[in-house]
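Form predicted on its own, single chain, as structure tokens, below.
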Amino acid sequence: MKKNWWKIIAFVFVLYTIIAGFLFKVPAQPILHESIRNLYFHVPMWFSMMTILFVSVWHSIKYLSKSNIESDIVASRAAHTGMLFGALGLVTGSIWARYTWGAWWVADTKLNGAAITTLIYTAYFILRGSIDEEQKRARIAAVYNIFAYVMLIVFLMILPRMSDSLHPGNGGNPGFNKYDLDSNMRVVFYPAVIGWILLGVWILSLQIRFEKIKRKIYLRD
């Protein structure tokens, strides 16, 4: 139980987010209306993705410095988990765009950057699958993973702030906390961010354990 306290927090916070996210009062804002509730789901997905992909690139750097295959396993599984949350972020963002901007997808710098980033990480998975030799695969994938994370920062955090964007906090638009993230929303939003990130770490830990077991079976055979 002592070792699993963070899993309990993850479960409680995510459950709380789902219930409170749909039932608690939200500010009445033009255009957004009730769709502002998606803030509890869409934004934490991106926070989770960024956090887990940082874990991935950190372990890629560790592999390049120490050549420990466990670091490659963590980097690979974290990339998969991170892109799972990235896909959820794209889906929830597309739904939000439909009800606020009138289309499932618009020509927005951040949206296009998210799509390009997804393709870059898809290429990472293809690259790993195309190399059979373990150490060679780990080295090449580690270098590419560093490149992929740098591109993620560029496309999702730098370019949207340098050009026009419909997203709050980008392209000169004010962030949510400046005009409508009131106290009612904060008591849900912050636990949502923590809960979804912890859930992502939980999923990652399960993937790492599964990959290590599969590797042991493969080596034994």
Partner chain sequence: MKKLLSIIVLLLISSVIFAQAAQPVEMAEGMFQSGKIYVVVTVLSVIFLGITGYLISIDRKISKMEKELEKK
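Positions refer to the first chain, counted from 1. Since the model is a prediction, treat every value here as computed from it, not as a measurement.
This protein has a second form, the form predicted together with its partner chain, left out of what is shown; the following refers to that one.
Every member of the trio K7, I203 and K216 reaches its partner chain in the predicted bound form with some non-hydrogen atom inside 4.5 Å. Residue contact check for I197: none of its heavy atoms lie within 4.5 Å of its partner chain in the predicted bound form. Taking the partner from the other structure, its partner chain in the predicted bound form has a heavy atom within 4.5 Å of a heavy atom of R209.
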